[in-house]
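As structure tokens, one chain now follows by itself in the form predicted on its own.
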């Protein structure tokens, strides 16, 4: 069981998965403010926007590489107790369960594509991120973040929305917004996604945990077409020339399931990470 599930999951609910625990979908809509207290600007709430600590680490990347590496080690050692935002990869089958139990569900603009691509998504035809929970009812309080507003969706519409981005090759990452409260399902790809890049490029583990699943290939069904290689955002799959088939490095696999949903011969399945002794602690 991953450290987030140990901290926020319920063993009696959905195998203890923290993002399927209803308590983590039940954040208060508003906090009681003291007299004359103004609403916080977007990004200023330490509980909600803990990602600022990543920014503090990244500023030393070029100026002080030794300190940069030390801060990454310290950040990873704080798993379970640190103030970092939590993100975890989930396959689309679990993303369905999440949107079924969340309310409201809305499509919205992706903050990573603004930061990394200078690409603003201004309307529902351009949105690529999925917002969950009562935070979506407060979007108008932070117009600088929610440019163009949000587009509310019914559960079935949300599932179709997830399928759309899954077909395009996007990884689904469940994100928190304030403590352990689920705030969205990001549809991510490398190199647009800050969380994926922080994990893959720099080894910052707290913002992009691997899923509870690992991909396994059936070589009798694999034709070596290479579709799964193209869809993997984590570099876990390669084509084996000597076998004339593809191979999955399960140590690198994040269990996103893109290879499974894209395989034309159904040669790939997802298996429980904790069923494999060598991977049950690899998150």
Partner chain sequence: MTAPCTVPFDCKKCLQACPQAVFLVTAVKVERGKETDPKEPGAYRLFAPHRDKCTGCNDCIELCPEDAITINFPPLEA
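If you're wondering where the values come from, they're calculated on a predicted model, not measured in any experiment. Positions refer to the first chain, counted from 1.
Keep in mind that the form predicted together with the partner chain is missing from the display, and what follows is about it.
So if I measure heavy atom distances to the partner chain in the predicted bound form, which of the stretches 85 to 93, 109 to 117, 69 to 77, 160 to 168 falls within 4.5 Å? So the stretch in question is 109 to 117.
Residue 203, heavy atom within 4.5 angstroms of the partner chain in the predicted bound form: Judged by the heavy-atom cut-off of 4.5 Å, residue 203 is well away from the partner chain in the predicted bound form.
Tell me, yes or no, whether residue 238 is in contact with the partner chain in the predicted bound form, where a contact means a heavy atom of each within 4.5 Å. Residue 238: no, not in contact with the partner chain in the predicted bound form.
Using the partner position in the predicted bound form, report whether residue 252 sits within 4.5 Å of the partner chain, counting heavy atoms only. Residue-level check for residue 252: no, no contact with the partner chain.
Residue 61 within 4.5 Å of the partner chain in the predicted bound form, heavy atoms: Contact with the partner chain, yes.
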